[in-house]
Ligand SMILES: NC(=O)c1ccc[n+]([C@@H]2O[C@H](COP(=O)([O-])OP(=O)(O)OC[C@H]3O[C@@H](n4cnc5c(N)ncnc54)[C@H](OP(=O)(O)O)[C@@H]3O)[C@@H](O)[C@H]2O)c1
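A single chain, nothing else alongside it, follows as structure tokens in the form predicted alone.
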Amino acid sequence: MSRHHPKTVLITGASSGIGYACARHLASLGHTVFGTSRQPERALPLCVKSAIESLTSLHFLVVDVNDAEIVDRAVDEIVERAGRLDVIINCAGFGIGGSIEETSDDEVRALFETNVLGALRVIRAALPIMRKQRNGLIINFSSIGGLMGLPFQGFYSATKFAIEGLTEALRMEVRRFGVRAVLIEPGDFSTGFTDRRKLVTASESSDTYRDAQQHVLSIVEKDERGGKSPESIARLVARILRKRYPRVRYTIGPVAQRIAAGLKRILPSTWFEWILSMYYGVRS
């Protein structure tokens, strides 16, 4: 992939948070960016509408990543309009808070449907084009929670663990076609993700885990709201687009969280679990 010429980029979940920051920044650098949102353009936030008006290379498509036909049509439209597809960035996703025991099958399915299968649908739609071009870049957003299981966010962590494994395998499968796959693992940033986190339904009427769950999620929300804006993630993405041979993964976020990710790799599991439990106050 050329490191210097403008690229055609598809970004899912681009109407807010990390996805929006990446879409706006890459478009400002001259890349042709197609952001997706489940909302029609008239319902997009004012900041997004303003960016579309001021950046001629920023476009939005109505796409639900849970619908394979819609995803396929969107990719076809991008190729028809731009002539190629160089980069896909999978940002679409959401989080849930609750205990493993009290999370229902339907809630787990909905989470995996968007966070894992949604990314997979976009990858499947884009790969035939990238293989034909003999180049392409796939950026999948994981999380610090994809490196360690987080209490009362266990199923969110599970979806990000899945993205980690999927991307590692994908890299080996598509390398010979000139396609690269990369993981970005953000820590806590200040985005709308916090307000969109859903609580599992059963936790509203059960007191089994209530006190511990509320305590842990209050820490999580405080860390997220106190995080920096996602602009630094957008700049990281821009740098990755310029690399001929990007790394497997890029961890970005508060220093303490990046240190924790490193400790997870070197400490005995029980030691690391103790540290995490102490931080979230879930030691018995």
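Residue indices: 1-based, along the sequence shown. All values derive from a computational prediction rather than experimental measurement.
Beyond the structure shown, there is the form predicted in complex with the named molecule, which is absent from this document and is the topic of what follows.
- Annotated contacts: Phe34, Arg84 and Thr167 are all free of the named molecule in the predicted bound form [non-hydrogen atom within 4.5 angstroms].
- Proximity to the named molecule in the predicted bound form, taken as a non-hydrogen atom within 4.5 angstroms, holds for one residue of Leu241, Val65, Leu58, Val48, which is Val65.
- Checked against the named molecule in the predicted bound form, the residues Thr103, Thr191, Gln133, Gln153 give one hit for a heavy atom within 4.5 Å, which is Thr191.
- A residue is said to contact a partner when one of its heavy atoms sits within 4.5 Å of a partner heavy atom; Ser218 fails this definition for the named molecule in the predicted bound form, lying far away.
- Interface membership of Thr114, defined by any non-hydrogen atom within 4.5 Å of the named molecule in the predicted bound form, is confirmed.
- Taking the partner from elsewhere, Gly93 is found to have a heavy atom lying within 4.5 Å of the named molecule in the predicted bound form.
- None of the heavy atoms of Ser54 is located within 4.5 Å of the named molecule in the predicted bound form.
- Of the candidate stretches 124-132, 171-179, 193-201, 208-216, only 193-201 has residues whose heavy atoms lie within 4.5 Å of the named molecule in the predicted bound form.
- Within 4.5 angstroms of the named molecule in the predicted bound form, the stretch 130-158 places a non-hydrogen atom from each of Phe141, Ser142, Ser143, Tyr156, taken in sequence order.
- Compared with the form shown here, the Cα atoms of Gly95 and Leu44 move at least 3 Å farther apart in the predicted bound form.
- Relative to what is shown, Arg42 and Asn140 are closer in the predicted bound form; their C-alpha atoms differ in spacing by at least 3 Å.
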